[in-house]
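Below you'll find only one chain, the form predicted on its own, shown as structure tokens.
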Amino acid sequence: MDSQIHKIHQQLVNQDITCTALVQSKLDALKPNTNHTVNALLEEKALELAAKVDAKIANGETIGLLEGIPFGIKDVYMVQGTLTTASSELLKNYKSAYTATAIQKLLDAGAIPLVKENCDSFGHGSSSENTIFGAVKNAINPDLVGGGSSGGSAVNVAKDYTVFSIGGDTGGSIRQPAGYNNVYGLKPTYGRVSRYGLMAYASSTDCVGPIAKSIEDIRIVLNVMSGKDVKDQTTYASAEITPEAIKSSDTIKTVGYFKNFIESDAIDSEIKADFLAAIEKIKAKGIAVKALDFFESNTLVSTYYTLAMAETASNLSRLDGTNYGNRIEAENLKETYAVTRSENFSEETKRRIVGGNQVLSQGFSDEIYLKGLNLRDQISENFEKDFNEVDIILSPVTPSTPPKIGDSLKDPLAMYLSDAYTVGFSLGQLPTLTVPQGTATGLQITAAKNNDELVLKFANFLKDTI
């Protein structure tokens, strides 16, 4: 699909549509909420901003490319004065006191926020069922999950309720729901976009990224959000990615894939066959393809969840009802903390906190946590070695198709394993893009650190090849 941002921008400039009518139509589409994608509509603010855009156009003033473009925000981002619930009982009445850096940059560019979007509570899940707002229903088949944790964001884009949405990706939380709903979803290189104002899940892998229907829209939004931020010391300055830079894939000579992903017994036979067919089409274009050795999926998943749960236990320790959230009084302070956390956290969040505290507890941290850190270093070294041999790594996004609503809740281990093909790239802090082609849940394109441009370049190549 062509860029929706360019198309709408031209319609606004030509006065074929008004921004107010555009925003109102999107809000009207969101209100029925039959896919459970909406936690809160930002109706008053959106219409106020739309009227300002219409006034500028009527006065003959120039508007920027993102000015007047409606977008959605996963409900884990601070937007001053709005409810920011993380889809949790604990924060269901919490209002942000400030705005996240990435969102503020979009607001400064004139984009119009429509909706805070449903997701797994605190990002904990792979199905967007762990939420107090009802399980997110898949955009293609409402009997299936929307994917997690940015399920509401992916479904809103797929259904055209928003032009683009901002998700958050820790272990695949943008890429997996993008694959389940046939849209593009990018996890940029860790640190390219500021995490300031994003509720922390696992700080060493949390990334801010866009979901959209075209590569060009992903590029536009990524450029606006990128850059060094004094409020996030992990950020770095990055050059703008131009449209010309991603047109040609001539510099890409070799593509790699992990053979253990494809030879695994866990992969769906149709996804495997479609992936291998895509590889043959790439070879036919004269690009060399190399099978690579990598860590077993079980090792990747266990390493990721060991570290992610440890960071979750640490990050959520502040949420005890004293400074944030819904406090439940008990007989004494210790009991108040216990009851507040027990009654307000979801079962999945409690499972991760308990697991994280076990990982970090005295007597276990050396055996489990330090071993996890060591494995993460080995995984990163493996990636560095691979990218000396290949330009791009291609993989399926998921080993299987989306489960039915309810199935993931019955089997948390199966839910963790659905992340088997995404978590490794998170541990490596690499740029990775889901494209809605090649398999039923798309393909995943990964490049070396800071090579986000190369990822978009190869996505354009695949768009014309598969």
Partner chain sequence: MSKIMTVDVLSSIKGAQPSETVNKLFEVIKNANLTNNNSFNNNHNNSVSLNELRDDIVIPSSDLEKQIIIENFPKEKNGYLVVSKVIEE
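Only a predicted model underlies this, so the values are computations on that prediction, with no experimental measurement involved. Numbering follows the first chain given and starts at 1.
The following text describes the form predicted together with the partner chain, which does not appear among the structures shown.
A residue is said to contact a partner when one of its heavy atoms sits within 4.5 Å of a partner heavy atom; Gly197 fails this definition for the partner chain in the model of the complex, lying far away. The partner chain is not drawn, but in the model of the complex it has a heavy atom within 4.5 Å of Glu335. Within 4.5 Å of some heavy atom of the partner chain in the model of the complex lies at least one heavy atom of Ser342.
The shortest heavy atom separation between Leu413 and the partner chain in the model of the complex is within 4.5 Å. This chain appears without its partner; in the model of the complex, the one residue of Arg351, Lys272, Lys253, Lys283 with a heavy atom within 4.5 Å of the partner chain is Arg351. Proximity to the partner chain in the model of the complex, taken as a non-hydrogen atom within 4.5 angstroms, holds for one residue of Thr303, Thr101, Ser238, Ser214, which is Thr303.
Shown alone, this chain has one stretch from 180 to 188, 80 to 88, 137 to 145, 162 to 170 that lies within 4.5 Å of the partner chain in the model of the complex by heavy atoms: 80 to 88.
Along 80 to 117, residues Gln80, Gly81, Asn93, Tyr94, Lys95, Ser96, Ala97, Tyr98 each place a heavy atom within 4.5 Å of the partner chain in the model of the complex.
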